[in-house]
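Next up is one chain by itself, shown in structure tokens, the form predicted on its own.
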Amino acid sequence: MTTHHIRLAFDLMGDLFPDETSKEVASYLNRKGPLPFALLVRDLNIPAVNIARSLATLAIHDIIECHEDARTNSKRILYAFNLKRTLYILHYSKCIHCARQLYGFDGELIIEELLLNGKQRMSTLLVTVYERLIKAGKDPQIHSLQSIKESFKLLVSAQFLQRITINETKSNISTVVEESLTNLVQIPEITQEGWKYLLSSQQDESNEPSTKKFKSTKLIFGDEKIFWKVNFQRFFAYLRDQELIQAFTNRIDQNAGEIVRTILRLTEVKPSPERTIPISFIEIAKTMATAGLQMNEDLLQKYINLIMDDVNNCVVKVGDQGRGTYIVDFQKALSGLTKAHIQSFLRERFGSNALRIYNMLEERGCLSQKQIEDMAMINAKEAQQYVYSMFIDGMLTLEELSKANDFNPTRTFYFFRVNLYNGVLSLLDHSYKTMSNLMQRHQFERERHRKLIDKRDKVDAIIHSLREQNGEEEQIKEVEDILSPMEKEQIQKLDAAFRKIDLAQLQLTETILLLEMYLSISNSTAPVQKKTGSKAVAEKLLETTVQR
């Protein structure tokens, strides 16, 4: 992990956990590694109660991991910071948006509550979501506890929610239950008394919040030891599938995208990180006909052949049963999508000539500096500048082949090669840095115009209150005139800047997710450098080339 990873992780933590104690505890654990509670209290100048409260909050969100000290026979608990899980905060908005698209407003609130609270019991979650729906002005007849429970069941059956239980042997530590698929998607049955209590609280018209009354009751609901959390890997798989469908839609047409969607939908019940299970042509045709997509078998076969001939070759025929069986190779698919991002990055950063050199190296393998100059048809000075710049940036790797064991430069051949894994690492580091800069820029602009934003919010609140009270248009216009024309113009510019930042963050989040998924699935490794100091030499050569 680089400094940009860590910086972005703590920027995200600052948004989700405003208190400085959580950030300070996590930062200390990130520097020192796993530590017991006693050492945290001793080293940090923070009251023990505040540290315990922060550890509990972060542990519920899996940002802090708890495990027994394996080095000693004692049963003391060590606390460790999970940086990878912290970066998942970046994808919260995408997960909520997916739940809204698939399961409506009920599903959106279920996922949002779990993301905000980490882990919850189903009975508590039903009451909380119902209360939020009523506050939002939704019809209680349509959005009842029963309908919320049905949405919860759909999320669990699709494996968007993960079942958690309390391990009896380790008090205060929650661990994921390793059970069969049927048990993982099994919904606990709420007791009859508990369900009656929930329904009565639904019909209760008192002003006391339902969640407060729910916590004060001592009824047994039947799910006291079963908790639920968001299954991020399932959401990431869904987003990966959508990217793949969109890529084929843009590259071929809408029918090709629907065929790929059908193959992925048939295999989503048995997810695999590397490839789908084999699906026959007959199953694809039958499913598409059931979904109402009218396409004869000859045309479908032509489309599948066209998809198989795609440059990424991610849809592969693996058998002849059922008129042919097909799989989707996710590693090849992610590799093709990742290459497109790297090529776009190189074009914007170094220009089209650098992209030509990169594509040539990817096609030819490894080439020397002289070969690159001749084959790319670029003069020596520019070719050296492009090659050294991409090498310093991590997009190219250097292989050294020496005639002797001393690696004397006069008797050593130097070859440049494209390594996609190293390029993805470099691009991901740039993406993390850019995301952190965007977040800090957004915060800077907000603090810089704090007074104007507060004034605008107060004016909007007064106007909203007048319209609810059926106020006259003259009164509303008088309130609107509180803001001068110059302030209104400044607010419009500020809103436009915030929209640009938000759009950039949204696009960058998609890129980061794609790069992270490629790294998690890729088996390639960076070439071993036989001699250190290559980047320093390249930087000196680049300076010499520019000075010429």
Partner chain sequence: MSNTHPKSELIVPSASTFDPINLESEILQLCLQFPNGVSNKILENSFPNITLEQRVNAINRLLALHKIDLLTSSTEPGTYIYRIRDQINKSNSSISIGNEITDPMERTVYQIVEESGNLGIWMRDIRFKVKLSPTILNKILKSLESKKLIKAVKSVHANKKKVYMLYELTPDPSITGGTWYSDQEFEAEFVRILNEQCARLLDERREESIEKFPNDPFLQRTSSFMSSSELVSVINQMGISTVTLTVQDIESILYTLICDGKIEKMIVASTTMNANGTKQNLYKSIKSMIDSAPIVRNPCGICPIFNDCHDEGLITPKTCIYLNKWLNF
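Numbering follows the first chain given and starts at 1. Since the model is a prediction, treat every value here as computed from it, not as a measurement.
If you look for the form predicted in complex with its partner chain, you will not find it shown, but the lines that follow are about it.
Contact with its partner chain in the predicted complex, defined as any heavy atom within 4.5 Å, is confined among 373-381, 145-153, 273-281, 106-114 to 373-381. Proximity to its partner chain in the predicted complex holds for none of T2, H5 and K94, with the criterion being a heavy atom within 4.5 Å. This chain lacks the partner; the member of R261, H341, R417, R240 within 4.5 angstroms of its partner chain in the predicted complex by a non-hydrogen atom is H341. Exactly one listed residue, out of I482, A56, A497, V41, brings a non-hydrogen atom to within 4.5 Å of its partner chain in the predicted complex: A497. Contact check for V318: every heavy atom lies farther than 4.5 Å from its partner chain in the predicted complex.
Although the partner is absent here, L87 is not a contact residue: none of its heavy atoms lies within 4.5 angstroms of its partner chain in the predicted complex. Residue contact with its partner chain in the predicted complex: N250 places a heavy atom within 4.5 Å of it. Proximity of T511 to its partner chain in the predicted complex falls within the 4.5 Å heavy atom cutoff. Along 489-507, a non-hydrogen atom within 4.5 Å of its partner chain in the predicted complex is carried by K493, L494, A497, K500, I501, A504, Q507, in order along the sequence.
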